[in-house]
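First comes one chain, alone, set out as structure tokens in the form predicted on its own.
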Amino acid sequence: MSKTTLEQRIRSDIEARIRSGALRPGDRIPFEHELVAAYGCARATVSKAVEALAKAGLVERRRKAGTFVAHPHVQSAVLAVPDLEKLIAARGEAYRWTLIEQCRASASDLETGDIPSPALRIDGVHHADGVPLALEMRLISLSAVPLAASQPFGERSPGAWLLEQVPWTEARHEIGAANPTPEEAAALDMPTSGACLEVRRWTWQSGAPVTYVRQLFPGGRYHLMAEFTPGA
């Protein structure tokens, strides 16, 4: 049997276990050395098979931890301001927010987000079923939302809180690709060579800036979508 055929067999065997539910999202697939022993093949053959599964979006490789069955992509509408907590909960997955830092925004923060002083800066990570979904850096104008200054964001994300507190009237999205810094990759449990989807968003209330947020998603974990008709 050729290496190419064996590579396809390894991929097909693992894919079949994922499709059947024998391997569920978050489950670790066998380590490469285990697959080498099971199939009696070269390490390179196994690596190619696993890489093909990763490119197909079926598995995710995590640094020093192994390869795991990927969670289905979380989707949100491009023209909406999404509540990631509700999106994840609606999929039947456990949502968790981890606060990294909460402090007064610096002058460089304000310049980056085009938010007036004084402002609050909140950094944290959104998780779905224990897997990092998005790294977030948010600025909140304390002129528009003075209550934010005394709000602890240790357990609840600022985005979910803001959607309940301040109805927005205008919003702008900027969406692009980005490579994570080593610190960002570590927070997202992904390789530094991986691609990310970067979403930057500003919201206003009657012309007054409310918040700026930068969210970084590992490319295989989040999709933006839009539905529209001709002329819309």
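Basically, rigid core = biggest C-alpha set you can superpose within 1.5 Å across the two forms. One-based numbering along the sequence shown. From a predicted model like this one, the values you see are computed outputs, not experimental measurements.
From this point on, the text means the form predicted in complex with the DNA, which you will not see here.
Residue in contact with the DNA in the predicted bound form (any heavy atom within 4.5 Å), chosen from 163, 187, 70, 41: 41.
Contact with the DNA in the predicted bound form, judged as any non-hydrogen atom within 4.5 angstroms, is confined among 176-184, 163-171, 192-200, 62-70 to 62-70. When the DNA is considered in the predicted bound form, residue 204 lies well away from it, no heavy atom lying within 4.5 Å. At a distance of at most 4.5 angstroms from the DNA in the predicted bound form, all three residues 6, 31 and 47 contribute at least one non-hydrogen atom.
With the core held fixed, the Cα of residue 49 is displaced between the shown form and the other one by 2 Å or more.
After superposition on the rigid core, the Cα atom of residue 29 is displaced by 2 Å or more between the shown form and the other one. The two forms, fitted on the rigid core, differ between the shown form and the other one by 2 Å or more at the CA of residue 59.
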